[in-house]
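The chain that follows stands alone, in the form predicted on its own, written as structure tokens.
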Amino acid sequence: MARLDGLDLASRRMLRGQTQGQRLSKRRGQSVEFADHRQYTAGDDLRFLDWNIYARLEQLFLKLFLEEQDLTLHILMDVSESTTMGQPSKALFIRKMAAALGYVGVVHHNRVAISAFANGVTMQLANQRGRGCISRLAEFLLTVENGGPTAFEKACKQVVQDRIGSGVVVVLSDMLFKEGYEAGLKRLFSRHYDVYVIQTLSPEERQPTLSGDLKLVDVEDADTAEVTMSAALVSYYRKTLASYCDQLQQFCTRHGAGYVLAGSDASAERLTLNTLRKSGLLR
């Protein structure tokens, strides 16, 4: 927690917050953080004239400052049945990341909301700000239940309809949807949101060790498939999965969204303190 205190949310866009906060945006406004000068024009506030420049150049210049604004951090957390799979489970890793990002958001007085989704949004914690909200954030993450099928587009539609302010949206999910991810993500891509996708896959999904004649059952809809797991089929599966993840990354990049792929066995601490800083989500 002490190391997380040194981080803050970042946005690659100039997003207008709803209230003044502790985050310096690229937007010029009024604060103590000096940004630049520009020439005075009729109607400008005389309080911001730089009289030192006037004394030297006999020209009127206005001081510009970086504006302090809040951001809304909206975390979309996949709690469908498929996230319970893996050792360690994807669900545990997703909760760890939601806890870390939510903590960074509230302690820096950004507005934080978490929407748990399966067949649409199943549970939501909204409008959290300040250290006093940490216990509510923890309680939400400890009590939200995993289960049911996934309807990703439905969940994204609900989130967009209930939009509060502008800010950063982080999707925590395995992104393995039969309906596809394109329609859902397109609902999030807008001038109001800076979108990041953190795709989480279990070790068993990335490097399966299954062999022989098997009947595979989908944990969400009970769909079945009978297969013979040969070395050739496992190799084909790995290539297909890698291609799927590459296509998701390219889709995000084309639409100006950030993308990170993480295993459920990865260190949430290292991902937060290193990877997400390099990706521009945290600073």
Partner chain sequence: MEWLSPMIGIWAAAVSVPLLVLLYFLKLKRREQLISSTLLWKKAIQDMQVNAPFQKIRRNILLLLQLLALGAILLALAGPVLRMMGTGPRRYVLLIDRSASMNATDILPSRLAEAKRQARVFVESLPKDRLFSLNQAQTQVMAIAFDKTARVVCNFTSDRQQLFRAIDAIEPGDGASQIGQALVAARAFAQPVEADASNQSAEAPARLLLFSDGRIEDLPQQAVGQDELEYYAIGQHPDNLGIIAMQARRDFEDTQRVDVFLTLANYGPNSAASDVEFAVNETVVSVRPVNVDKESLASDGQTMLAGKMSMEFSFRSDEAAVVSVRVLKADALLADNTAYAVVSARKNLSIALVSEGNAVLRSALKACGPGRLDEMTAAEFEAKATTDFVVQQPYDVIVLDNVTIQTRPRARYLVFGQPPAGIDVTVGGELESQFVADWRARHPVLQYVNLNTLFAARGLMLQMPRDAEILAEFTKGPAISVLRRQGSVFILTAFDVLATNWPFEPGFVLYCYNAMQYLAAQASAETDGSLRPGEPIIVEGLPARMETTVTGPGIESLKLTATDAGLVRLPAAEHAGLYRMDFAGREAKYFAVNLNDEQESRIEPLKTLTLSGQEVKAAAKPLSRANLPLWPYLVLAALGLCLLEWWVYTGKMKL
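Please read all numbers here as calculations on a predicted model, not as lab measurements. Positions refer to the first chain, counted from 1.
Below: the form predicted together with its partner chain, not depicted.
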| request: Assess the spot marked by A183, F189 and L261: is its partner chain within 4.5 Å of a heavy atom from every one of these residues in the predicted complex? | output: no
| Which of 152-160, 114-122, 169-177, 94-102 sits within 4.5 Å of its partner chain in the predicted complex, heavy atom basis | 169-177
| query | Which listed residue (P208, G130, G147, P88) meets the criterion of a heavy atom within 4.5 Å of its partner chain in the predicted complex? | reply | P208
| request: Answer with one of Y237, F48, F251, Y54: the residue that has a non-hydrogen atom within 4.5 Å of its partner chain in the predicted complex. | output: Y237
| said: Check T224 for me: does it contact its partner chain in the predicted complex (non-hydrogen atoms, 4.5 angstroms)? | reply: yes
| Is there a heavy atom of V217 lying 4.5 Å or less from a heavy atom of its partner chain in the predicted complex? | yes
| Heavy atoms within 4.5 Å of its partner chain in the predicted complex: does T228 have any? | yes
| field | Contact test in the predicted complex: S82 vs its partner chain, heavy atoms, 4.5 Å | value | yes
| request: Output the sequence-ordered list of residues from 231-269 with at least one heavy atom within 4.5 Å of its partner chain in the predicted complex. | output: A232, L233, Y236, Y237, T240, L241, Y244
